[in-house]
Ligand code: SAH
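Starting off, we have a lone chain in the form predicted on its own, written out as structure tokens.
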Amino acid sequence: MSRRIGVFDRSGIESLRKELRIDPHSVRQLRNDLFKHFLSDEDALSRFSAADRVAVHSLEMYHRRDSMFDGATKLLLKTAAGMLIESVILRVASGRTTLCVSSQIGCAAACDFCATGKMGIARNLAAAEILDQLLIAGQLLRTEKRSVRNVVFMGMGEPFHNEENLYQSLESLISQDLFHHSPTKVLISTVGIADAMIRCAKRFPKVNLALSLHSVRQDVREQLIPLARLYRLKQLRETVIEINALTGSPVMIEYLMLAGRNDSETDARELIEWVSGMSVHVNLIPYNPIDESPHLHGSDRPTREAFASRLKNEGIKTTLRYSLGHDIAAACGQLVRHENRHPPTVIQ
């Protein structure tokens, strides 16, 4: 039996088309059905003459958990080798839907506040595995008459530790022939791999970048993010300014609010000074506790609101975020394979 070719393998699909003399329109129709309209596998393949030679997915659904309190859904997906990754669908009250995708199995960044970082790194995800998260989520959302508006690389892994597969994914994501997703609706979050951030800005200037900052005190940042020893605050500040010049767009500054660590008036003042002269949008994020870091505690709401007001009063664009998916371990920093400890029933 001939090897089945993955739908994301452009050269492989083209070779198959030539081998079987398939009408190019038939290939375009298959791609439109899957990547733009998110039809079911069965419906999309029913109109393709070589359906038995094509593999639609590189991942399979293993388990789904829906929040009882908000619009979050965690998808636990299994690779061909049996390893588990997570994607999260966030349905916000405005009606917009965001998909948080993973770029690695585990993460080597080992941030103190992140459950995924406590896993260590298993391996990088292939571009097809990254893209299949969007396809699976899109097919699921189609049954709800919804679609993915924003794609954020904020799931498992440091995206710039899987740089080439990340870029292949971005190319397919924004390609008119494939997903044709607007690059301005894509966000890549990084702990601050400075040189990769600049490479990305040059290659994909319309894709948004987010810097996981969390403190502008070098010693505090190193305690929270071990990689801060390699990419220091001075270099990151220069990097943000260069990205502003390259793209003409603001960089998102992610700031996790931690009680007694980075939430004082002095911290606010130092953050204001650090972002001076930059084009940024500060996201103040509530901390979601993890068992592995009992010494960390989130700032209370009045403290978060006072911190946000201080930044806004200085003219800094600031958003005070509220967490989704907390009850299903799908919120920021909670993406970890809890199900490996207590496996759920597999979805057939």
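The structure displayed is predicted, hence computed values, not measured ones. Residue numbers run from 1 along the displayed sequence.
The same protein has a further form, the form predicted in complex with S-adenosyl-L-homocysteine (SAH), not shown here; the description that follows concerns it.
The partner is absent here, but in the predicted bound form a heavy atom of C114, alone among I85, L170, V240, C114, sits within 4.5 Å of S-adenosyl-L-homocysteine (SAH). Here is the short version: of N162, S212, N262, Q133, the single residue with a heavy atom within 4.5 Å of S-adenosyl-L-homocysteine (SAH) in the predicted bound form is S212. Although the partner is absent from this view, P286 contacts S-adenosyl-L-homocysteine (SAH) in the predicted bound form, with a non-hydrogen atom inside 4.5 angstroms. Contact check for T190: a heavy atom falls within 4.5 Å of S-adenosyl-L-homocysteine (SAH) in the predicted bound form.
Though the partner is left out of this view, G138 does not reach within 4.5 Å of S-adenosyl-L-homocysteine (SAH) in the predicted bound form, counting heavy atoms only. Using a 4.5 angstroms threshold between heavy atoms, E129 stays clear of S-adenosyl-L-homocysteine (SAH) in the predicted bound form. For the three residues F8, D41 and L76, a heavy atom within 4.5 Å of S-adenosyl-L-homocysteine (SAH) turns up in the predicted bound form in no case. Contact with S-adenosyl-L-homocysteine (SAH) in the predicted bound form, defined as any heavy atom within 4.5 Å, is confined among 272 to 280, 76 to 84, 242 to 250, 182 to 190 to 182 to 190. Contacts of stretch 152 to 191 with S-adenosyl-L-homocysteine (SAH) in the predicted bound form, defined by any heavy atom lying within 4.5 Å, are made by F153, M154, G155, G157, E158, P159, S189, T190, V191, listed in sequence order.
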